[in-house]
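The chain below stands alone, shown as structure tokens; this is the form predicted on its own.
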């Protein structure tokens, strides 16, 4: 009897191992397909940036150009107009990131560590602002920015983007600070720290992953935003990278190599930033999204 059971068990084990390998193969195939779908547009953008315009639409299409064509990069890097687009995007992105981190962290500290009248309503209001489609705010924002005299200025863009990024910063930092035990605050208070000292000396070093993930999000928001940058600026000196790329479409055609070269250059800061802080972003998102 045992001689019959052992081969049956062996067959079952072989079948189970075979099914496990098929499942792994299916998972890897799906991951490979998703990776290809996500990476191929980037590879094609780089490919087009290195081709002359006449070769871009050649049939059959080629991922690798016959000869590497660097004129698009040379034009973009030497034209003061394109350098102005990059500088404006850096200024706006860094300013929005810094302001949203400072204001958002202070607000999150108040929500996380103190209870006051209307705190739940205030939290609900902050979260609700994220549900409003930004397109519906274009005309009201335009009127406010013109009224304040900030139309066609970088400060107008900074103020506008700050109102979009600040609710997210508050929610993320509040969720992350809630994961830090209040025993830290009590110990620091006994040692003589003020509430601001507790935040700066104790909580912020512990909350570094949350701060970095919030900073990356706000920088990406300011760097990639197109609609408000187009509506709230007029002169070429105030345009940002997304608007600059769209303006490369001419009435009778466009130079694909220059457009893709500028797109590659505009994508590099975001790519490098994410690669440097990837592990902090993952940790900050997972911790800030769970309470307790």
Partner chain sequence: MSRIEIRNLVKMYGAHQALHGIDISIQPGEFCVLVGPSGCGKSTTLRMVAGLETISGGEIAIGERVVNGLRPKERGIAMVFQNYALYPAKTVYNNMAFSLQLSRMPKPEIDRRVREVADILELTPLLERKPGALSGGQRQRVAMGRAIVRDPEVFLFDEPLSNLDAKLRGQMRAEIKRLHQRLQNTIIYVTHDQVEAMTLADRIVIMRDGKIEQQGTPDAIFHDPDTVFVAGFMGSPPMNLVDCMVTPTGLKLGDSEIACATPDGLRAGARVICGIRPDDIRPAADQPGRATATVPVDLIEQLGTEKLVHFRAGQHSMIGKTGGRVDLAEGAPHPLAFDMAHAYFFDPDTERRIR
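Bear in mind that the values here come from a model prediction, so they are computed numbers and not experimental data. Positions refer to the first chain, counted from 1.
What comes next is about the form predicted together with the partner chain, which does not appear here.
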key: the partner chain: the contacting residue among 91, 187, 77, 98 in the predicted complex [heavy atom, 4.5 Å]   = 187
The partner chain contact at residue 205 in the predicted complex, heavy atom, 4.5 Å = yes
inquiry  = If we define contact as a non-hydrogen atom of the residue within 4.5 angstroms of the partner, is residue 86 a contact of the partner chain in the predicted complex?
reply    = no
message = How about residue 149 - does it come within 4.5 Å of the partner chain in the predicted complex, if we only consider non-hydrogen atoms?
response = no
remark   = Near the partner chain in the predicted complex, with a heavy atom at 4.5 Å or closer, the residues from 191 to 207 are 191, 192, 193, 201, 202, 205, 206
